[in-house]
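Let's start with one chain on its own, the form predicted on its own, as structure tokens.
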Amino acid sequence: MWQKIKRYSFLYTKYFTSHLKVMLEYKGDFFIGMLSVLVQQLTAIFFLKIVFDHIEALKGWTFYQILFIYAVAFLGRAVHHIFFDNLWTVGWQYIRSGTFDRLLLRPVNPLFQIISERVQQDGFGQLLIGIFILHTAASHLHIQWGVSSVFMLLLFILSSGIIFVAINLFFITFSFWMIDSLPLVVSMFQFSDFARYPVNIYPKAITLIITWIIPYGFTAFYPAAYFFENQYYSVLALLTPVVSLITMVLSYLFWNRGVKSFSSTGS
């Protein structure tokens, strides 16, 4: 087992280093990509600020509390965006084109190969804006940081990223039967926007869906609420690592079932 981990770590380091060299060969594209994400995210924050210029609170939630939720969402999404963005392309780039056959011939896990074949530089911009927003919001919320709270924050962000990956993996696996399930994945990802706001502003049906069916609530709102000293939401926040583990295991099992059902398109 240890030898396997060591081998895959070595391979991923080689892939990652190679991608960084390619990206830095095209510095203009690298920085434009990061800048475009910065502008996109700052625009969302700008519109949020306009809304709060006209109201004092949204069902009891202040501007900086919602900003903190945004920050956790950005950071979790950045983990997914930087390291796992190639999952989006499974249908059209690997299955439809017949390239997935090539992956099966190599003595390396095909999912690992797909993940390793791309590093998305735009995610670094998302990471930077997330850190900036988190710092800004936390300073206004007077959150007392200690070793345990920093540890919990990092654990929640990592768990958030894993949930994004798991949901992406689950729905892109349908490509083994549909050839390309990208439209389905895009549709499901729209639900992640709901997690950027407190769940108690939504109808119960939406809250139920983003908490227990497609658990985007654990990518942002519940982890962020842990720091707001709300006992009910804090308890749910502690479930975040468990939810991430369960969703990842289920998605990976589903992926393996998809791989077994795979038949080449013959392209």
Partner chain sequence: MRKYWELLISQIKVDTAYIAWYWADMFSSILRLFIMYFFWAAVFQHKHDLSDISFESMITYVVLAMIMESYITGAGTMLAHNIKNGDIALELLKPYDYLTKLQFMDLGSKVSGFVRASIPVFLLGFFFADVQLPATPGGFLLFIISFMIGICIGAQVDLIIGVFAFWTVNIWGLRVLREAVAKFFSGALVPLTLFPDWFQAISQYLPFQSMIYVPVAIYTGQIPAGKEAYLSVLTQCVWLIITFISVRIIWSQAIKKVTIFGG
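Note that the coordinates shown come from a computational prediction; the quantities given were computed from them, not determined experimentally. Numbering follows the first chain given and starts at 1.
FYI, the form predicted together with the partner chain isn't displayed, but the following is about it.
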Counting only non-hydrogen atoms, the one stretch of 149-157, 101-109, 186-194, 165-173 within 4.5 angstroms of the partner chain in the model of the complex is 186-194
Here the chain is shown alone; which of V235, L208, V242, L35 has a heavy atom within 4.5 Å of the partner chain in the model of the complex?
-> L35
Which of these residues, I82, A138, L128, L182, gets a heavy atom within 4.5 Å of the partner chain in the model of the complex?
-> L182
Is there any non-hydrogen atom of E117 lying within 4.5 Å of the partner chain in the model of the complex?
-> no
With heavy atoms only and a cut-off of 4.5 Å, decide whether W212 touches the partner chain in the model of the complex.
-> no
So in the model of the complex, does any heavy atom of Y202 sit within 4.5 Å of the partner chain?
-> yes
With a 4.5 Å heavy atom cut-off, would you call Q40 a contact of the partner chain in the model of the complex?
-> yes
